[in-house]
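One chain comes next, on its own, written as structure tokens: the form predicted alone.
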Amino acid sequence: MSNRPILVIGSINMDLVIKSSFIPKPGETVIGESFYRACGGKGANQAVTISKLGGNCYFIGKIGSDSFGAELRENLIKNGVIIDYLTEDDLEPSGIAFIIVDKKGENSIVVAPGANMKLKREDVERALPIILQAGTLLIQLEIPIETVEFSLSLAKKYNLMTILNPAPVRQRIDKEIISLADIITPNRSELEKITETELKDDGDIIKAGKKILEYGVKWVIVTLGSRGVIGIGKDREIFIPAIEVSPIDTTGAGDVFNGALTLRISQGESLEKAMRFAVICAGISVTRKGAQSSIPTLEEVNNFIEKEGIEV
């Protein structure tokens, strides 16, 4: 089992969440049920997941010099994430996400990225001392695409395993960027946009995944929400069904999956076992509200596995 640090580069936001019976259509006003604030952002969610599950995680991101930024910083520290390379921007506010969660736990999200879009290659270069020690990089697309490409290139140069979570998917993501990833983890809609193909069934998903493999990626792991996940490799596919739970809030579930998957792969576990563990962690998270507040600890996951008699 490797003890080398895991590096997460990405976004950090304050989530402003409204619970509603349903998500309004354009032009429609709905009276919501409750409001709460939660620490989020894809990068920060993934970093907190890794840390809460026992990993040694460094986070590179950018916050504003404001009260939300201070709260986000303190929350990372509280959850054991190492923030030596978390920086502040004096001009842009901290990132904000407005989230509506319906009665089924499904969500609709709008992000005002703020300081996240000021995360530059110089901020990543500052972290070279830890990049030289790290074994794995996990990165997403809520930061400038130029920073994503530079980070993946740097990680490749120093032989880190690279995992790209292509979320939120851009109108166009260069094949060159995808080719820098060892593993890419889109959801179904992201896979559709990346490959510019309509996915009607699992056969289409596998074909689209194999198309991405042609870029040099080793595995494409597609998250399918309540159905589970499918891993697509050169010679085989791995399907892991979701665990049966009653969802309350699906916000951040994909981030929990990515963080848990990255941790277990970095520890030398087989891909199939890592996927199975990550599905369980994500399943637990949707039974709780919030993004980082819903992330289970390793003890909670182990207790759940034992209680439910799940084979991992």
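Please read all numbers here as calculations on a predicted model, not as lab measurements. Each residue number is its position in the shown sequence, starting from 1.
Here the subject shifts to the form predicted in complex with adenosine-5'-triphosphate (ATP), a form of this protein not shown in this document.
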**Message:** So if I measure heavy atom distances to adenosine-5'-triphosphate (ATP) in the predicted complex, which of the stretches 196-204, 237-245, 152-160, 75-83 falls within 4.5 Å?
**Reply:** 237-245
**Asked** Among L137, I183, V229, I232, which has at least one heavy atom within 4.5 Å of adenosine-5'-triphosphate (ATP) in the predicted complex?
**Response** V229
**Request:** Please pick, from L53, A274, I60, A253, the one residue with any non-hydrogen atom lying within 4.5 angstroms of adenosine-5'-triphosphate (ATP) in the predicted complex.
**Result:** A253
**Message:** Under a 4.5 Å heavy atom criterion, is S94 part of the interface with adenosine-5'-triphosphate (ATP) in the predicted complex?
**Reply:** no
**Contact flag, T223 vs adenosine-5'-triphosphate (ATP) in the predicted complex, heavy atom cut 4.5 Å** = yes
**Asked** Taking heavy atoms only, is L263 within 4.5 angstroms of adenosine-5'-triphosphate (ATP) in the predicted complex?
**Response** no
**Asked** Is the gap between N187 and adenosine-5'-triphosphate (ATP) in the predicted complex 4.5 Å or less for some heavy atom pair?
**Response** yes
**Item:** Three-residue site V48, T297 and V301 fully in contact with adenosine-5'-triphosphate (ATP) in the predicted complex at 4.5 Å by heavy atom
**Value:** no
**Complete:** Near adenosine-5'-triphosphate (ATP) in the predicted complex, with a heavy atom at 4.5 Å or closer, the residues from 259-283 are V279, A282, G283
